[in-house]
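Before any questions on how it binds or moves, here is one chain, the form predicted on its own, in structure tokens.
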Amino acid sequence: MASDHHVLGIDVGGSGIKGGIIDVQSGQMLTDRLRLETPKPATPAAVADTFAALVKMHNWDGLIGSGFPAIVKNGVARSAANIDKSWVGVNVEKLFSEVSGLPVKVVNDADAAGIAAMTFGAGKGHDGVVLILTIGTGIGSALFTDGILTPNTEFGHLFFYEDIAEKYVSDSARKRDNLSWNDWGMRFDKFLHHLGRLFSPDLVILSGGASKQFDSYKDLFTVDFEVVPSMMLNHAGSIGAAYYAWQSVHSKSI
């Protein structure tokens, strides 16, 4: 039986569904991070089957928190970023609970990474405007003002260079255009300037796969606010989702 402060955190992404068992008191992942490929197409039925398989791989019996790449309101997907459009209107919490046979709480994936950063990582104790950007298949965002989350911001979908921003500055865009980290870093600097004009952040935290290479491009940033990497790298989404689920069950608000 799972400990009261242990939660399975699962991060559903455009390319992979991954997670581990999290101690929500310390923010530590207690197990190996297991990963399965996101099915193509990423329909509700296919993703749900993969989700259930990942839960079974952990031999888990307890609360689950899941980050999900969509605007999520009351457990229902209201958009579909880097997954099949048939997710719109689906109650993700209900579907994942049914296929796993366990209680599941679902939150926007970037908000999950932001919750992890603000609770256990680089944003802990920071007031003012803190923006977390997850750099992966797309660009996710989480915005905090004096520690309070504004959910479902989706700044990766801001209009930028005649398209949405993530088509220009995500890690998948870097791979698509065969960019060096130096060239990609200069692109990302332009996006940071754009965000600076709109939101005047005090701190920006970079999370997701591309944050592992922070030292390769950090010197290219010319903005007047601090930019730092997440301390949790690829674990942030799972940690934040687990903490969100635990808070949802044990308190009235996140």
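We number the residues from 1 along the sequence you see. The structure displayed is predicted, hence computed values, not measured ones.
Just so you know, the form predicted in complex with a small molecule exists too; it's not on screen, but the next bit is about it.
Enquirer: Closest heavy atom of residue 84 to the small molecule in the predicted complex, within 4.5 Å or not?
Expert: Result no; residue 84 lies far from the small molecule in the predicted complex.
Enquirer: Would residue 138 count as a contact of the small molecule in the predicted complex, using a 4.5 angstroms cut-off between non-hydrogen atoms?
Expert: Contact check for residue 138: yes, within 4.5 Å of the small molecule in the predicted complex.
Enquirer: Taking heavy atoms and a 4.5 Å cut-off, does residue 110 contact the small molecule in the predicted complex?
Expert: Yes, residue 110 is a contact residue.
Enquirer: Evaluate residue 71 for contact with the small molecule in the predicted complex, applying a 4.5 angstroms cut-off between non-hydrogen atoms, and reply yes or no.
Expert: Yes, residue 71 sits close enough to the small molecule in the predicted complex that at least one of its heavy atoms falls within 4.5 Å.
Enquirer: Please identify, from 177-185, 85-93, 101-109, 120-128, the stretch that has a heavy atom within 4.5 Å of the small molecule in the predicted complex.
Expert: Heavy-atom contact with the partner occurs in 101-109.
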